[in-house]
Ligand SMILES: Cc1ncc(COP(=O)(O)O)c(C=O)c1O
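A lone chain, given as structure tokens: the form predicted on its own.
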């Protein structure tokens, strides 16, 4: 049978990470491709206990019924304090919306703002799933140049004037994919130039709490001159990705539009997941759990840095993040195409994500993203050794 799929399907493909996840069922593959939190950091026992207790209450049937689109009230109250720790100061529930993971926040922003043919500005490189979502709305993503401190504000202003974007999307703290963090000064400049031209900003912040060195930096939202920043965060990296709980905060007018769009998507985020998350926060379990996970992430990041130094070719340069889950690498002056080489690397039982999928225009074919959070130091050393040997052999062949 021939199906009449929508035009938007021509712009959609499975993300690179989804395809790579298929490899994880093969135990011999050491994968640096995903963005999973460490299995050891998942609070299985605590969540089991809390889920049992919230379902043991006399009115627990309410958690199995339909709920308010805006969110479970105890969780909204807890989230006000939670996001306030990074300078996201909201007046109350009208400024917030509970979402089914941070990625839904991106989708609801698109539903609220984008028409076919509209432009979204992004840092080059940026989160690959965000690019896929923009494509699904038949919008055009245009990359803004990156700089050491964050994004190039002069290039941002030039592209605002040229493309008249509907909004700017950024991951300013421990960015996916680079691990980079924008400075306070860069955030202030971004806030100023977007306010000047009346451009909304979508700030995606899943990683801020995973800082294992350096000083805390407040959200870009906290620097906003106008109410033009929508802040989204999730509990996926600090509690559980499987619960699918996050929060969006911003101008009540925008949040209301996002809530209307959410009604047409899933009515509300799973009430049981919301109740478990709210109780986890109420018991004060999150802060110590995150604090206990940081030495693990620090150790694994250091293991990857040492393995890169030990095994990777001298043509490979990489970031050295103070937190988050990722290291970004660039091959300089050697003709490496990480997309073409990925299947061959997998045959060596090691996987990464090719960098081109993180660029709005598909460039960056000499780049890659490495995740260190979901492998032990021993596996990191083994996997990076396999990649190092492979890339050195490839470069040697290219030079012949």
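None of these values were measured; they are calculated from a predicted model. Numbering follows the first chain given and starts at 1.
Omitted from view is the form predicted together with the ligand, to which the following refers.
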Inset, instruction - Quick one: from 304, 106, 201, 151, grab the residue that has a heavy atom within 4.5 Å of the ligand in the model of the complex. - result: 106
Inset, instruction - Just give me the single entry in 167, 127, 316, 297 that has a non-hydrogen atom within 4.5 angstroms of the ligand in the model of the complex. - result: 127
Legend entry - 4.5 Å heavy atom contact, residue 176 to the ligand in the model of the complex: yes
Legend entry - the ligand contact in the model of the complex: residue 207, any heavy atom under 4.5 Å: yes
Legend entry - 4.5 Å heavy atom contact, residue 171 to the ligand in the model of the complex: yes
Inset, instruction - Flag residue 323 as yes or no: does it have a non-hydrogen atom within 4.5 angstroms of any non-hydrogen atom of the ligand in the model of the complex? - result: no
Inset, instruction - Choose one stretch from 109-117, 237-245, 78-86, 276-284: the one whose residues place a heavy atom within 4.5 angstroms of the ligand in the model of the complex. - result: 237-245
